[in-house]
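Next up: a single chain in C-alpha cells, the form predicted on its own.
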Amino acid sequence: MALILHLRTARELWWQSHLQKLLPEIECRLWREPGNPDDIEYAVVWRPPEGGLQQFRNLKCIVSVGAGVDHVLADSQLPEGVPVIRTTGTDLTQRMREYVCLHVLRLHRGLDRQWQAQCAADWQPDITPLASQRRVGVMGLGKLGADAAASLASLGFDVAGWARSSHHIDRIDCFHGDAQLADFLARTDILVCLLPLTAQTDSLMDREFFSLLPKGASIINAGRGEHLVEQDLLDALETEHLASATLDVFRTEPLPKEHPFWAHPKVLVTPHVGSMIDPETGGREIARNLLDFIANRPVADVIDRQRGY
C-alpha cells in the first residue's frame, strides 16, 4: 500500500517526511520516484500533470492539497469513479476569514485614500458610514464563504450571500441561482468572490456582470483567477463603474511582471495568500481524511465530481 505525492514546491521532501510520520502504514513516495505504479492506492496532489494519475491502476482516492479541486478535475483523463477529497480545516477557514475581513474593512474605511493623503502630507479626515450601512455580498457559501459571510455580519455589515444552490445562514440574506443573481449584485457595494471554479462559474465576472453592480462598487476576488474576465474588469475600472479591485488569484500565476494589474492605481494585487494551507495542520487534515476513508468512515470533504465541489 503506497501513496504518491505531487507538489510543485521546494518543500516536497518535508511533505513526504511529514505524511510518512502521520501515515506510518502507508509508504509515501514522490511523483518523480513512484516505484511500481501498481502499488499506488492514494494520491495527494496539487496541479498534477494531464493524464498523470491514469498510470496508477489501483488508485482508490485522490486528495487535493487545498480546498479547491478544479486543478484535479481539469484532467480530461482523470480515472473514472475515483473519489476526490479536498483539504479544508480550521486553519484554511481562519486565514480566509482574516483576508476577507481585512480587505472589506480596508475598503469600508477608505484606507487607500488615507494612504494617498499621507503621501501628499494632506490632512483629510474621511467620514465613513457605519458598517450597517455598507452592503457586502459574498459569492460562494461553502465552508470558507459561509464563515466569511458570518464574520462580516458579526462586524455589523449588511451581508448577503449568493450560491448556485439554496442556503440558509443566520443573519445573512441568501440568494441563489441565475434568477436571483441580478438582485444580489444590485444590493452589493463590496463584492467578495469565493466561488469554486466550475464550467458555470468560469468567466462569470464579465462586462455584463459588472454592469449589474451599483456604480462605485468594489470587488475582492479570492476564489479563482478564471472567474474573472480581466479586460472587462480593466474597462469597468477605466469607466469608473467600479471603484477598485482586490485580487488574490489570477489566470496565470505567478502574475507576469508586465501585467497591467501590477501598476494599476485601482487594483491591489496579493500573491494567492488568502488561504494558504499550513503544512503542519494541512498534513494532519490530509492524514485524518485518508484514515477515515480507508476505515470506511464518513469523509465530509469528498466532493461531488459532477458539480465540481
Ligand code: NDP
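So that there is no doubt, residue numbering starts at 1 and follows the sequence shown. Model, not experiment: these values are computed from the prediction.
From this point on, the text means the form predicted in complex with this ligand, which you will not see here.
- Look at 65-73, 33-41, 50-58, 257-265: in the predicted complex, residues with non-hydrogen atoms within 4.5 angstroms of this ligand sit in 65-73.
- Just one of 159, 104, 148, 222 comes within 4.5 Å of this ligand in the predicted complex, counting any heavy atom, and that one is 222.
- Here is the short version: of 165, 116, 128, 132, the single residue with a heavy atom within 4.5 Å of this ligand in the predicted complex is 165.
- None of the heavy atoms of residue 8 is located within 4.5 Å of this ligand in the predicted complex.
- When this ligand is considered in the predicted complex, residue 124 lies well away from it, no heavy atom lying within 4.5 Å.
- Though the partner is left out of this view, residue 244 does not reach within 4.5 Å of this ligand in the predicted complex, counting heavy atoms only.
- The shortest heavy atom separation between residue 272 and this ligand in the predicted complex is within 4.5 Å.
- Looking at this ligand in the predicted complex, residues 97, 191 and 251 place no heavy atom within 4.5 Å of it.
- With contact defined as any non-hydrogen atom lying within 4.5 angstroms of this ligand in the predicted complex, the contacting residues in 135-155 are 140, 141, 142, 143, 144, 145, given in sequence order.
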